[in-house]
Each structure stands twice: as C-alpha cells, then as structure tokens.
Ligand code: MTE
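Take a look at this single chain, the form predicted on its own, given in structure tokens.
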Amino acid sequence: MQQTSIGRSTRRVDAIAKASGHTQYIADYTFDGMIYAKMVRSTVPRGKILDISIPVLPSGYSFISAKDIPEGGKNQLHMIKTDYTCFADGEVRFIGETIGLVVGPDRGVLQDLVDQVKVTYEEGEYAVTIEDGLACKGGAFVGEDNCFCDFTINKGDVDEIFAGSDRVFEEEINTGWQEHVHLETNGAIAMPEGDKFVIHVSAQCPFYVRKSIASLINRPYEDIIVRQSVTGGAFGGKEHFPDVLAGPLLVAAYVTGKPVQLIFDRHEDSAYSVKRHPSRTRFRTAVDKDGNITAMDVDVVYNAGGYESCSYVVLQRGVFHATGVYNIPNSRVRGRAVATNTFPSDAFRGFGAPQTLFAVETHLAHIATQLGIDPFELKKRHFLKKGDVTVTNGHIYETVVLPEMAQQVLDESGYLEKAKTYAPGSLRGVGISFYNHGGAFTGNGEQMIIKARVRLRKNSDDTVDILIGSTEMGQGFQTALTKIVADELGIGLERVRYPQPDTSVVSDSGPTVASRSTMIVGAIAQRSAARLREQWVEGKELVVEEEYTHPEGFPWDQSTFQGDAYIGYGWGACVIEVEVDPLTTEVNTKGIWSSHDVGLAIDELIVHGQINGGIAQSLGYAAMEKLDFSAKTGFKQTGLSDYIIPTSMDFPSQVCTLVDNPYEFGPHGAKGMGELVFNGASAAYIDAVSRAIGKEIRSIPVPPEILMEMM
C-alpha cells in the first residue's frame, strides 16, 4: 500500500482550483430568486433609539429589524455568552451596531434606500479608551464596574517577596487595535430549504453559527443548516463575527421566503468588523541583588468594546501567557475585559497571547538595559524547563528546547556580536524575543465544552471522505489532515477527500481556532483512520467515528484557573535586525531569523508558509498597522489605502529553522503552530528599534511619524 510523505512538502489539495480561478467564494454564489441586503447601522457610539424613519420602499424591497423576529424568537446572538443582540432595539452601544437590513433585488437601489433611513437618537456620554471604561464614563452599561470579567491568578507569595526585594521595576506597556485584512471580505447567504433554513457563509466555525442564530426564529439547531463556503482568509475575524451577518439574514430569509445575500465591501469590512483587543499591561517586577527576577505583579486590561463576544476567553489566554516563557517563582496576574463604546473586539491570531507576550518581552528588555546586561542574558536565566511550575500552578510536562532554539537564532543572525557592536542610538539595532503558545482550548475546554468528533466514510469505490466541521481558511489544514488520514490508511492522497463542511452531514469537530486543528482534530482523525483500516473491506461502504479523549493526569480547576492550562506548548525564538533612516525615520529591516518547536511538521512547506506569514503579520502589528479611533466617526483607517499592512517589499527573506520535539498526544508528534508564529516578532522588532534610537518604546504600533516625535 502506498504511504504518504509526512513531514515532506506536498502540493496542497486545493492549490490547482484556487490558482486556476475555478474556486467559488461566497460572493460568486447565485440562487434563483436571490435578493440582496445592506445594513443600516448605528451612527452614534451610545444612545437611545427614539425613532426609525423608513422611506417609502419600492415593490420587492423590505426593511428587516427586531420587530420582524417571530413570536418565540429572541433578539440575541449566542457567542460565548448570550449578550450580543442581533438588531439594536432601544439602545446602541457603538458606531456600526446593526439596526436593520434593507433587502431587495437591486444592490444599487439598496444603497440609496439605506441612505434615506433616518434614525433619531438621544445621545449619551460614551467611553472609548480603557481608562474611560474603567472610570465608567457616562455610567456603567455592563454590571456596576463596566467589566465583563475580572479575575486574578496567584503563584507563590508576591507581597512577601516585594517587601524584601532589592529593586522593583514598574512599567506600563500598551498595544493597539489590529485589523485582520483577510483577502476575502465577510459574506453570507440565508435561504429557506424545505422546512429548514440554510446558511452559506465564509466562516471558521459552522457549528458556532448554527448555535448562535437558531433562537432568533425559535428553531432547534438541526433546522439551521450551515454550509461552509471556501474561505479566503480569517485570522480569527471569522470566528464569531459571521454570526453578526448570518443572524439578520436568517430573519430576512424567514420574512421574505427568498435567498438573501450580504457581502461586505472593503470599506465595510474595515470600518464595521471586529479587531484585535487593545491592551494595557502594568508590571511591578522584583529583582534580587544578583539580578534575578523573584516576583511579578501584573495587571492586564483589554478593551472589549460594546459586547463581550469571546473577550472572556481571549483574556484568559492573555493572563495565562503574561509571564511568557519564564519561570517566575512568585507571580500575581489580574485580568479585566472592560466595556467601552467601541466596536466589539474579538478573536485574532494568537487570541490574547500576543498582547501580554509583547508586554513581558519588552518589559524584560527594559529591565536588562537598566541592569546593564544584554536582554538575552537576563531572559535565558529564567527559561522554563521540564518540570517547572507554570503561572497557573500546573507543570511543564515536555522537554523545553528553548536553549537549542536560542542557539540556532544566535548562530544564524550573529546576534551576540551585533549587540555588542551597535551602540544605543547608533540607528542600527538588533533585538531578540522568546515566546510560546498553549495548544488547544484552555484547561478542560476540549473535554467539557468542545467534545470534538471526527467521522470518516469509506465509499464503495474505496475512496474516503473526511466529514468534519473544521475548516480550511488558507492555512493548509485540508492538506495536512488529508495526509494524516491517507498515511494511516496506507493509500494515496488522491483517494482521500475533505469536502467543505455541511452541518447536516458532518460531525462537530469543534471550531477552527486555538491552534487545535492539527494537534487535536488531527489526532482524532488518525485514530479514526486506524480503526477504519482495521475494518477495511474493498468495495464496501463503512463509516467510523471517534471522539476526543483527554489524557489522564493533567488536572484543571476551571473555577479557580489552577492546574494545567495547557498540556503542550509551541515555542519560538526570533531575532530582528534594523536600521533607522536619520532623515525619514523609516525603519529598514535588515534581517529576520526565527526558530520554532511545532512538535513535528506534518508538511514542511505549509509550516514555513505559516512562519513567514505570521512573522510578517506580527511585524506589521508593531511597525505600521496604525488604527485610530474617533468617538464620533469610528475607525479612521477604513481601507488598504490608509491602513498600511506589510508587503513583500517591506521585509527581507526570512531564515526559518525548526527543532523537532514530538508531542506525545499529537498526530505524528505534531503540535499547534498557526498562532505561535505570530506571537514574538513584534517584541524582537521593538527591541531592535529601541536600541537603534536609544529610547525605550512602550506602545505599538510605531510608524515613522511616531519615531520622528520620539527622536
């Protein structure tokens, strides 16, 4: 039987269809009788809706709002919690909140009608910044303190250590919004099909969409069929946000009895979609007379926006990564997600970890400078190793290969020599960072909440279909999973198919998030394939299904956030070299070197693609992706002409290396890695720029105009 080449590069299973232009995306779909939708959105950040004036609508056009939700239905979208409304009704919390849809057969006419809808408000005082939200400016609109969540984790005795510390370093680090800029904008279609409704959608989590919107028309989940369209990029921006399109469209399809399509243009996608959470992280760090860190007291606040969405779990991951890859003997980390009158923040590659990892890496670099040593020297003293206690009082169970990875990037980059040669303020600098990412859902999420299942169907022609809800969004998972199944069965890749998910056909393998797809779903698929191989009879149809089983011996208490938040981690090291132009203050990135532990790569080319893309995206986060917000108009940068992202001309070719460190519970030893590769380059870049200009940088992004002010 033919064996596939696990580890080596294989042509992606979707490559020819996409490269040739044969692939259809949601904007390419047409159905008989299909009509179109445009959103009517709030134009004020906070207020009461006093009146909605609708123009006289031509025949065939309708205005759909909360009043059209049928009896028994609920005006809500269920995400992590049920706090997000489908249609604003009575009040608005942010600019861009959905008030209604205008639907009809001509998209040009729709825009004219939307422009004629007049909404009258009684405007209220609004909170925009983290400080505004914490101060309950305008009055709290979530609980009594405007916080969606507030929790603290402790390790050791922080107060006692601070009382006897030799030195204490205090600092505040800030990060801004970041736009996903997936190549395909958001889009969806809702349509009746018999006595059920079908949602075609560009999304990451088909079963999430079904769960979120079914209660709008008081139907069981099974009456809402979600069919995943080919998805042209997501980065977390299509985890929960597709619910915001699918919900109103479902109501519109219910009312009109027709297929209804809504496709965002680039302006809408930039101005009226979720972003990465802005953050404020404050440190108090105790250092003994030998220059060793003995305690950290960390206060993390994320700007959640008008609704919680997934901010609670984003914050959890941020808090659990707040001390980075370091063994800090005593730590206390408090996390809060504060409500503001800004567009709700949501999932973004790294899911809360990039904010705190950037903060701790930058903070340690500044401490090292004040201690008169190189940041690498300070950081390597505190590297976590196997057996160490984590920030949640769990343990590191795997061998940590950070020393080997550090040596790789040191050797490739010449970091140590350059760090000695480039004087502070010389306009040349080199920076280094270390980072990790916990694979899969935090704590007991996989076994208690997700409960993933994988179904394989062997057909009579001896081909095999992978029937799961996990989605391909450009990251290469269709190819990786096809390789895992084909290898286990001992058949060629061409005999394994992985169709786009349809919730009425496939098993719920959980959302395509959290660096879990290859690590968790891939492992279940490998077990399913092994079972199918045992039952294999040529020419006979067979179906096998396996579910997730949690390894024993990894305790977690969700009520106290104590224990093993993650069983396995991906690890990374990165070095960046820069040169700053003295006249324009533009930064020329001269070199990028990274090393990663992703367990074992299922497909080396896919992994390298993820590394290159993730690092470029992380550098954009630090260097240029400036996203300003106006309380009166919303986000100021609303297109690719003013929101600047990296191109192939902005950064040099990367030097990427891998250290094999197989994970016991992953398929062929693979770990999660899609988010890991974003987590560290931003800190290495800022470290390099800080050294080049001779000034500490505590906030990102830092485009040339900000550097000019600093210099």
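Don't overthink the numbering: it's just position in the shown sequence, from 1. For clarity, every value in this text was computed on a predicted model and none was experimentally measured.
Heads up, the form predicted in complex with the ligand isn't pictured, but that's what we're talking about next.
- A heavy atom within 4.5 Å of the ligand in the model of the complex is found for exactly one of L481, V338, A565, M473: M473.
- Residue R516 is the only one of R516, R210, H200, H363 with a heavy atom lying within 4.5 Å of the ligand in the model of the complex.
- Only one of 571 to 579, 625 to 633, 220 to 228, 508 to 516 lies within 4.5 Å of the ligand in the model of the complex by heavy atoms, and it is 508 to 516.
- When contacts are judged by a 4.5 Å heavy atom cut-off, G414 does not count as touching the ligand in the model of the complex.
- At the 4.5 Å threshold, heavy atoms of R349 reach the ligand in the model of the complex.
- Not displayed here, the ligand is kept clear of G522 by more than 4.5 Å at the level of heavy atoms in the model of the complex.
- Looking at G233, you'd find a heavy atom of it within 4.5 angstroms of the ligand in the model of the complex.
- Shown here without the ligand, the chain has G674, E675 in 671 to 694 lying with a heavy atom within 4.5 Å of that partner in the model of the complex.
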